[in-house]
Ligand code: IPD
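Given next, in structure tokens, is a single chain: the form predicted on its own.
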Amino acid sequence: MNWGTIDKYAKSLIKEAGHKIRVSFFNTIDVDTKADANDLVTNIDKAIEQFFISRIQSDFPNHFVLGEEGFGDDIRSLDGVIWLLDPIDGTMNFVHQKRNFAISLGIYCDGVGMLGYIYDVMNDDFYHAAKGEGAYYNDEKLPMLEVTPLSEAIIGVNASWVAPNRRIENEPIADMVHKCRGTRSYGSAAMELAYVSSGRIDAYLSLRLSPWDIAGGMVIAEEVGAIGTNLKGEKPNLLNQDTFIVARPGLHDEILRNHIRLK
């Protein structure tokens, strides 16, 4: 497998898709909802995913694609080469803000993340990594992450998890919010993974993410020493929806040990 060739191909494809998304703002964007009224999907999400799939199937017919909008393959195992794609991660931001969304792509071989990409389309910021070769922000190599205590950390967390809810004990989360330096919520798991990897925030956690939300970002995060698991401390699930946390070393364990109580 020539991963260097695949890497160049994937970067070119992502940049072309980003151009298509920017051009789409000059046309009509049709917005629909999925099972949840706040889970939005647009004609652009669907068109971009179909663009990726048609090209990948043509040029790499032995590879598989797992995409958010369901146009890819029916993936039941992680065997072989799988492209895990979210054509627009942060669709609500795409619709309402026309910024703060990203193309997220991870390319895995037999369950191992080989290549990862997060493309902040509107800022033309490209986070990317190849396994064992470090992570990059555009052309700048990202440094390894240093240990940061909770008191000096900025945590990416959705405010809904701090309020009483049916998934997690909210009081330990609220305690974390009080003890950390600050919190942020960007509305895109891919963007938050990119920000942890580049040191803009120190941890990010969520109670409900899908494989395509984290696949690309995990490759990038691991190359700078970040630790990513579900909220039970287990390896992230790349076949089903699961909880998720990614954080600097040390901080990951501190948050799981002292501030996570799943119901």
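One-based numbering along the sequence shown. Since the structure is predicted, the reported quantities are computational estimates derived from the model, not experimental observations.
What follows is about the form predicted in complex with the ligand, which we do not show.
The closest heavy atom approach of Asp213 to the ligand in the predicted bound form falls within 4.5 Å. The closest heavy atom approach of Glu68 to the ligand in the predicted bound form falls within 4.5 Å.
For Met176, no non-hydrogen atom is located within 4.5 Å of the ligand in the predicted bound form, even though that partner is not displayed. For Ile53, no non-hydrogen atom is located within 4.5 Å of the ligand in the predicted bound form, even though that partner is not displayed. This chain is drawn without the ligand; in the predicted bound form, the residue among Leu209, Val224, Leu238, Ile227 with a heavy atom within 4.5 Å of it is Leu209.
Proximity to the ligand in the predicted bound form, defined as a heavy atom within 4.5 Å, singles out one entry of Ile88, Ala129, Leu193, Leu105, which is Ile88.
This chain is displayed without the ligand, yet in the predicted bound form the stretch 182-190 from 182-190, 112-120, 74-82, 141-149 comes within 4.5 Å of it by heavy atoms.
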